[in-house]
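Here we start with a single chain on its own, the form predicted on its own, put down as structure tokens.
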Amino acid sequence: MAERVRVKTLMPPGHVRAPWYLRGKVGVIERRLGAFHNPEQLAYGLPAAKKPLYRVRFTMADIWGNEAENPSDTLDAEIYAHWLEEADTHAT
């Protein structure tokens, strides 16, 4: 079974790498991509630890709900682990 994750709803100022329209949305990890230096720190010239990066798949219904024109179409986004949390399997 695919691992369900939720994109955190953080709204920090500055350079961030999680699209606003995916925050709070639930998707499934499509694959693990490896660990890379955190671009949110690199953007400010700061030392950047490596963080796991995942490709997360969302359906249009996951993102837009009843407003989705093609609910079963998918969007894949590459999101760092610090933006993800385990999804409650009972959440919608």
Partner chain sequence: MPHDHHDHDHFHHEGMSPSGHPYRADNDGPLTYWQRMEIAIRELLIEKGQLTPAEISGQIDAMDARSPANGAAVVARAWVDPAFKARLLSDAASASREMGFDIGPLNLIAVENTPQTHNLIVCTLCSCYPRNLLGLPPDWYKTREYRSRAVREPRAVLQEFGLDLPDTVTVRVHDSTADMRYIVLPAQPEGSEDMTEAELADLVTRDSMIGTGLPRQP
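Residue numbers count along the first chain shown, from 1. Given the structure is predicted, the values throughout are model-derived calculations rather than measurements.
Another form, the form predicted together with its partner chain, is not on view; read the next lines as being about it.
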Please tell me whether the candidate spot formed by 10, 29 and 44 is one where all three residues come within 4.5 Å of its partner chain in the predicted bound form (heavy atoms). no
Although the partner isn't part of this model, could you tell me whether residue 24 comes within 4.5 Å of its partner chain in the predicted bound form, counting any heavy atom of the residue? no
Applying a 4.5 Å heavy atom distance criterion, does residue 84 contact its partner chain in the predicted bound form? no
Is residue 33 close enough to its partner chain in the predicted bound form to count, meaning some heavy atom within 4.5 Å? yes
So in the predicted bound form, does any heavy atom of residue 50 sit within 4.5 Å of its partner chain? no
